[in-house]
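One chain follows as structure tokens, the form predicted alone.
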Amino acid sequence: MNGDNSQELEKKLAQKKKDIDTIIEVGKFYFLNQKFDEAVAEYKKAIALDSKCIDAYYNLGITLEAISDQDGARDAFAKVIALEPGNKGALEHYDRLVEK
């Protein structure tokens, strides 16, 4: 890979990260306005772009927990823990959901 291709790839990856961050912010906006289905859709859209996006899984878990989708929330937090084993927030939510 030459320098031009490397710079182009880095530019595309930076744009993708920016797009994902924007999608997550839109999801948070929907969540704060109690439009939970729309928030879930945004977080899933972010996950479709990056299957290792911890923020998307975490926020998906929070949203699913808010609408009492315990299984979905537990799965989302489990994914966060798999991607980042020391994530205290995800561990707390996951443990609380498992105890129910």
Partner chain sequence: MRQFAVIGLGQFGSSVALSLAEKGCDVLAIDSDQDRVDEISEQVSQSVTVDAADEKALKSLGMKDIDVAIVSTGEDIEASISIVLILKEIGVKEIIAKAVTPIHGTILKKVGADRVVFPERDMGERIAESLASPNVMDYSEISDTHSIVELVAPKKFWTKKISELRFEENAMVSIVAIKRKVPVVTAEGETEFREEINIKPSPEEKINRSDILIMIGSFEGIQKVRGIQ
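Positions refer to the first chain, counted from 1. Remember, predicted model here, so these are calculated numbers, not experimental data.
From this point on, the text means the form predicted together with its partner chain, which you will not see here.
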Could you spot which one of V26, I67, A41, L49 gets a heavy atom to within 4.5 Å of its partner chain in the predicted complex? I67
Against its partner chain in the predicted complex, would I62 count as a contact residue? Criterion: heavy atoms within 4.5 Å. yes
Select from 14-36 the residues with a non-hydrogen atom within 4.5 Å of its partner chain in the predicted complex and write them out in sequence order. K28, F31, L32, Q34, F36
